[in-house]
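What follows is a single chain, given as structure tokens, in the form predicted on its own.
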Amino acid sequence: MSLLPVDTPTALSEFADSERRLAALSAAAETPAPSAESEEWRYSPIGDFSPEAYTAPTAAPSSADVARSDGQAAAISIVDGWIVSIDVDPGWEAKGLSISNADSASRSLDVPDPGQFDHLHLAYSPSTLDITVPGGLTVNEPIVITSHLTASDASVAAFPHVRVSTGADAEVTVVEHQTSEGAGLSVPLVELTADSASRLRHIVVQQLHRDTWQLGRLVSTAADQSTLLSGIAAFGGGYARVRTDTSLDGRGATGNLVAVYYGDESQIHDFRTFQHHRGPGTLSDLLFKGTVDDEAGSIYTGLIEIHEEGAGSNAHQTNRNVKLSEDAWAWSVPNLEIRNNDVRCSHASTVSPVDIDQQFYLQARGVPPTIADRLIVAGFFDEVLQRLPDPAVVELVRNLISAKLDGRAA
């Protein structure tokens, strides 16, 4: 499998760490390609993927700097996987907030169950955006990342890499806004590490072009008494897939996972989640809610895994889907794997049309059917939106939901 079918070795040789990159490319070639016949890619359109259609840029694109807005601790611009600008508030920088374009020469592949795209990411990712919050520092303004995929004659493949770590008793919120212009491939990797008693929140708002494919990963670890929040709001992409691995390693660690997604036309949103309870007394709570319309589809597969050392763990997993048309579809497969008896676990999933009783209640009071459905769908998402920590993100997501509903009404 090659994203640069002719001159890949020559292109990668332009990097200082070309030997590592070529080794990763060889590992990708030796790794079985994803197949819809496997459980991991079941229901996905991966059989339609053509790797030879994409080109990974080997030089940073020219781009205007993104200016930091009032109320932001920092603003970062990533274009086609390349970090093109970093603007950190001097006040936060003086307090120890560090954001840098990190050297990737010694980078290794440290993700669970690495697959072909993970090896390709190691080969092609230009560099790492490294965000570090020192122990004891509470950053009460968001760090905002804009990650954009450009359009070109040859479809661009981008491999952005973001790494966020918080020291003991530190706190930060990172918001990532993903956009694209046309047909392309986005393969992002996000790594989150929360030290003891820290609070780390990462939220992605995905507004990719309808012809863009996304194959992303998010890997997070939480030490004792720390709290992680991972949020996803997915509205774009032709096929957009994210695998999330949350490892609660320390005593009393908490991992909260939330997602809202809305697919229409022929979009497919695909989520694969793993909640690993490795430490005692850990807590995880997952709530994913989505709507599918027209011929769109959604896929959710999730696993709560309680390890032998996870006594006293408390884990919840909920996925709910609303179908707005007969041709829309959703697959929801929650799973439990428990290797300790002293735990509390629950999982639930639903796939259903708009609630008939709610429709009847509203229409009986003179609300037209289309407006009734709009109110019901907006209310359906509200439970998740209340868990998002940044008011600006909540407002943006509400507007994106309204835009989808406006398109449906039209």
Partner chain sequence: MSELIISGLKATVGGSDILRGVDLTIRSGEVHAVMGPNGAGKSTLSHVLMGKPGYEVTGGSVTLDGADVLAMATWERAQAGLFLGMQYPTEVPGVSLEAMLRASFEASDRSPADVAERVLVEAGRIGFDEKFLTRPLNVDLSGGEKKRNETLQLGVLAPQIAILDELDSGLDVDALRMVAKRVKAATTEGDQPLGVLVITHYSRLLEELQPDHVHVLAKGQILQSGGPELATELEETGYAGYAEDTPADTGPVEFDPFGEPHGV
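This structure is a prediction, so every number in the text was calculated from the model and none was measured. Numbering follows the first chain given and starts at 1.
Beyond the structure shown, there is the form predicted in complex with its partner chain, which is absent from this document and is the topic of what follows.
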Query - in the predicted complex, residue 348 touching its partner chain (heavy atom, 4.5 Å) - result: no
Query raised in the report: Is residue 342 close to its partner chain in the predicted complex, meaning a heavy atom pair under 4.5 Å apart or at it?
Result: no
Query raised in the report: How about residue 357: is it within 4.5 Å of its partner chain in the predicted complex, going by heavy atoms?
Result: yes
Report task. Flag residue 32 as yes or no: does it have a non-hydrogen atom within 4.5 angstroms of any non-hydrogen atom of its partner chain in the predicted complex? Result -> no
Query raised in the report: Among 374-382, 48-56, 22-30, 66-74, which stretch has residues with heavy atoms no more than 4.5 Å from its partner chain in the predicted complex?
Result: 374-382
Query raised in the report: Which residues, if any, of 362-398 lie within 4.5 Å of its partner chain in the predicted complex when only heavy atoms count?
Result: 362, 363, 364, 365, 366, 367, 368, 369, 371, 375, 376, 379, 380, 382
